[in-house]
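In the structure tokens that follow, the same protein chain appears in two forms, which are kept apart as structure 1 and structure 2.
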Structure 1
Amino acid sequence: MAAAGSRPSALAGRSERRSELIAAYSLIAIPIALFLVLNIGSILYALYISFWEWTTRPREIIGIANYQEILGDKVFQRSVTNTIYYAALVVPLQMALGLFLAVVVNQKIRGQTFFRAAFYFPAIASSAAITVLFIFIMSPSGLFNEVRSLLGLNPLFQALGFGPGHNWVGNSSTAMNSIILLNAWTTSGTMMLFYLSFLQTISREIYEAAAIDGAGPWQAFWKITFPLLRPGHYFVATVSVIGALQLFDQAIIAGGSGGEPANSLTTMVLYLYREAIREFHFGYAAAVGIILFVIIFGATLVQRRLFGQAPSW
């Protein structure tokens, strides 16, 4: 930021100062205008719309009636439970997998670049492609059921209550768990990359000192790496929770806009989408958006309280 200030003052004449201002404002004009309208402005607009009975067009101002109706709605409550259940399971899974992969890839190993690329691989495909592929693999006669049968695991699954042709994504008891599995898998590569950049800030000397004191790799991990990664945990957890609370793509692709079967895949965002785009309840849906924002913001603040020491962003 001091960069611009270090220009020789002899050059900073009045006309040059003016042309700098003109240059600056014309360079930022379009981006800032877009941000003001489509981001900052849209929050305020959403808040405004949420106080209206607004279907295909604005009808009347009804105050907080939308909010009251939402909070009493059984399907909305279900969507909150579903979303929180998903986040509570997927976040620790993503973090643990990401951390594990990062630590492994950070070792002095041959083919390090290859492994990093391989572990990130599932994250490059679109959510649509990967979900359709996942539905195929988890279908009654799909790869997953075939392989477990081949490995002789069917009795085990039978004991857990899953027959040989179980439809994982299509059954209300396993649909959400399947999506959790899918997203833990596809997102672990991204989490690995985040953890890697934090791992690389830990100085090597600490490990050398620990090794001299006779610490093994296991101890070194739990006594050094894990606690020193605290800013990393905080960052990854925050990113992961914010993403998880907005689960949508996989839910609507696997369960349609109804979150089938039996609303087991209806998440908060899916509920918002359904109310807005399918039912044209724009006022109501805008209020759902505001509630979602409050929940996400609240979760971020709680995490900050619990784990952070805000990182230097």
Structure 2
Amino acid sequence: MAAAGSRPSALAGRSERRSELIAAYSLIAIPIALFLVLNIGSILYALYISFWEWTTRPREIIGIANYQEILGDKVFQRSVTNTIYYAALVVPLQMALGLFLAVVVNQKIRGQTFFRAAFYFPAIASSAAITVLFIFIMSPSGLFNEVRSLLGLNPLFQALGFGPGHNWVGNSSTAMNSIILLNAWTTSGTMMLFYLSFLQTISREIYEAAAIDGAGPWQAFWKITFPLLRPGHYFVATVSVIGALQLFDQAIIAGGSGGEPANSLTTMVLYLYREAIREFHFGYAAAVGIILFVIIFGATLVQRRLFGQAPSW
């Protein structure tokens, strides 16, 4: 009788689990379908049209001719150089500043909530508005040049080759570096939140044990905090690199669709935009997009190799 009674109960349990699975898959079916169509589908479609001569309409299949032309294009090569240079500098700055801010606001300090909000505010402000304001501040007669003049720093800047009325965003030698500093500041709040979420998973007991062993704050950071944040480093580095390789809004606002001055602000995404929207070379632009996808995918695999493995201790 006991066995007979347990059989309906087991069948009811399996039926309930099946219903839960059906409900779960029903909830995620639409997001998955949208992801497959809008993301994976768009990549495959871009790959398809990259083998065409495609302007306002498809003309003919030309194979890998678009890729051959791209790789020989000096402007495209400049865009790749600019993008890699930007990513190589802005990513470490974002990560270092974000980690520093996260460590600061993770302490039990007065006004902790205020500082968290204040540091994060630039990340939620309008990127276009911040860039326009930054261009105004860094103009020849802008606030930055006025302040350095009042502080008597002009001789130092002149020794470095920057005159009193230097146009920091409008000069090819400093345009990209200016955008790097701007974005390192505006995105540091987002990186701070990422690091803060990982910091709060580290048990306080570990720090208490380290303090008993005589470890100071600096030793605790390098021996405990920094190594245990390895998954956080991987996540933040991946997000930062993907974002950096897709730099577009500040570049087009500061340098226009031509990436002025002298293509110093031409990035891969801006180059893609120029070819697709201004020149109507859709097949060519699709090939640029596929190359950018390969670069981003490759960079992500490299980062997983560097940071993504679980710590061995």
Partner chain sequence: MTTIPGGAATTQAIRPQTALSEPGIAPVGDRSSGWRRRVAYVVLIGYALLMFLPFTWTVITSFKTQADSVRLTFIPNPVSLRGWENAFTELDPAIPVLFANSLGIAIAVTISNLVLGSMAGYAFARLRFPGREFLFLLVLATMMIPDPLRLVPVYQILRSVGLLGGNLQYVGVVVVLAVAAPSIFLLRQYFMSIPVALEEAAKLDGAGFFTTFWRIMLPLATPALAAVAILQFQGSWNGFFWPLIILTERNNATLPIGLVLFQEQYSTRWPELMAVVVIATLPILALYLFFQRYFVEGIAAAGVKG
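Superpose the two forms; the largest set of C-alphas matching within 1.5 Å is the rigid core. Keep in mind it's a predicted model, so treat the numbers as computed, not measured. Residues are numbered by position in structure 1's sequence, first residue being 1.
The form predicted alone corresponds to structure 2; structure 1 is the other form. Core-aligned CA deviation for residue 35 between structures 1 and 2: 2 Å or greater. Smaller rigid part rotated by 20 degrees relative to the larger one between structures 1 and 2 (C-alpha superpositions, whole degrees).
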